[in-house]
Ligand SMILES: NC(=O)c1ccc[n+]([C@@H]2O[C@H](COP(=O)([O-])OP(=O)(O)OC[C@H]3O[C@@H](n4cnc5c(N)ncnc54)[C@H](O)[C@@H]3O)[C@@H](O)[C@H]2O)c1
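Okay, so here's just one chain, in structure tokens, the form predicted alone.
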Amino acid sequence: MAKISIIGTGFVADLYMRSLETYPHIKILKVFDQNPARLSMFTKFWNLTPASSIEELVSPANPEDRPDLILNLTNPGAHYAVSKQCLEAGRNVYSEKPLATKMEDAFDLYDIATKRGLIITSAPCSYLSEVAQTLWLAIRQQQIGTPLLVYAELDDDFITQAPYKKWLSESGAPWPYEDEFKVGCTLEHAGYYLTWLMMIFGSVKKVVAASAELVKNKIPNTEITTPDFSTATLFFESGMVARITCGIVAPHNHSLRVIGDKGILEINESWNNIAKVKIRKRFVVRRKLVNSLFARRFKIKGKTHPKVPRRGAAAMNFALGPAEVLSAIAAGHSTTHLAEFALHLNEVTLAIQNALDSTGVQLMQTRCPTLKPMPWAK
């Protein structure tokens, strides 16, 4: 039985709880939140044991209450401080995204974890999903020949005009719109496709980005300026080039296309773990180059990973990442690649996010480790 504890019981915590139900071997020891009312509501809804403080959760007197992994589900501004406190107490940490809002803080977490032989890594974990692993398998099998270019879209419609103040999680937590608008859609969402691309194509060498705040005063009486639109071209060491766009103004579009010299791989929804991966071939008809009107589905045969009912989980299993970390711990495998992956993700994401104030061209200092496909995706 693997043991975890959770810090932070906001909106996303319910998504993790619904996902963790698909892993009955994972036991939740204790939960903490600095908001007593919210903590009470959450623990009663999910029938969990509250902790009176972070100290009680990370350094319990009883050895049986020491978690194998702590999930840091606090708001983004608190990720660094909370993760650091957990690491310094000798606990492995899986943090919600981003790992840290400043790169120097991300490096600090990496250094602490490395020196102490601990794990620090972060969401999102959808690169472990059926759809991402299927996409990777199709590329490895050269279903579209040699991949040359990627177009990835992460637009979520005109969010500021949506009734977001009425959005509640299963246990009643409000959608944290102030955090979402302060942190920005790039830090919140770019990782959903960046992790896929890093897994498949490796390290990003250079980021050429631009970002803008299109809708002003999303949070009244604040002077915070955060991009609500960003676009970046990523140049990978492998030679792959990808363009990724994030925004909360343009109509909903979570599509991805990988263009190869013999066809195109298409996905229409990155936030669905079982979205269809389709292959669209191109050919010549009467001296014209034509992309087929019909796309063939490419599937992995056999069982993949536990699926979460659509109710309350956005069609994603948020526990895939924590489960993978716990499996590595149980097997005694090296986990250095998990920290390196999270560190590279953080640097690439911040390069895009910070293009509002920078020159827009950045060379990456970190590198992405080589990952292996999931056992069921070979």
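Residue numbers run from 1 along the displayed sequence. All values derive from a computational prediction rather than experimental measurement.
Note that the form predicted in complex with the named molecule isn't included here; everything after this is about it.
Proximity of 136, 254 and 337 to the named molecule in the predicted complex is absent: no residue of the three has a non-hydrogen atom within 4.5 angstroms. Put simply, of 327, 52, 49, 35 only one has a heavy atom within 4.5 Å of the named molecule in the predicted complex, and it is 35. None of 130, 96, 266, 228 but one reaches within 4.5 angstroms of the named molecule in the predicted complex through a heavy atom, and that residue is 96.
Residue contact with the named molecule in the predicted complex: residue 211 places no heavy atom within 4.5 Å of it. Mapping the unseen interface onto this chain, residue 192 counts among the residues with a heavy atom inside 4.5 Å of the named molecule in the predicted complex. Although the partner is absent here, residue 17 is not a contact residue: none of its heavy atoms lies within 4.5 angstroms of the named molecule in the predicted complex. Within this chain, residue 175 lines the site of the named molecule in the predicted complex, having a heavy atom no more than 4.5 Å away. Stretch 167 to 175 is the contacting one of 167 to 175, 105 to 113, 239 to 247, 153 to 161, since its residues have non-hydrogen atoms within 4.5 Å of the named molecule in the predicted complex. Residues 73, 74, 75, 76, 78, 79, 82, 96, 97 are the ones in 71 to 98 with at least one heavy atom within 4.5 Å of the named molecule in the predicted complex, listed in sequence order.
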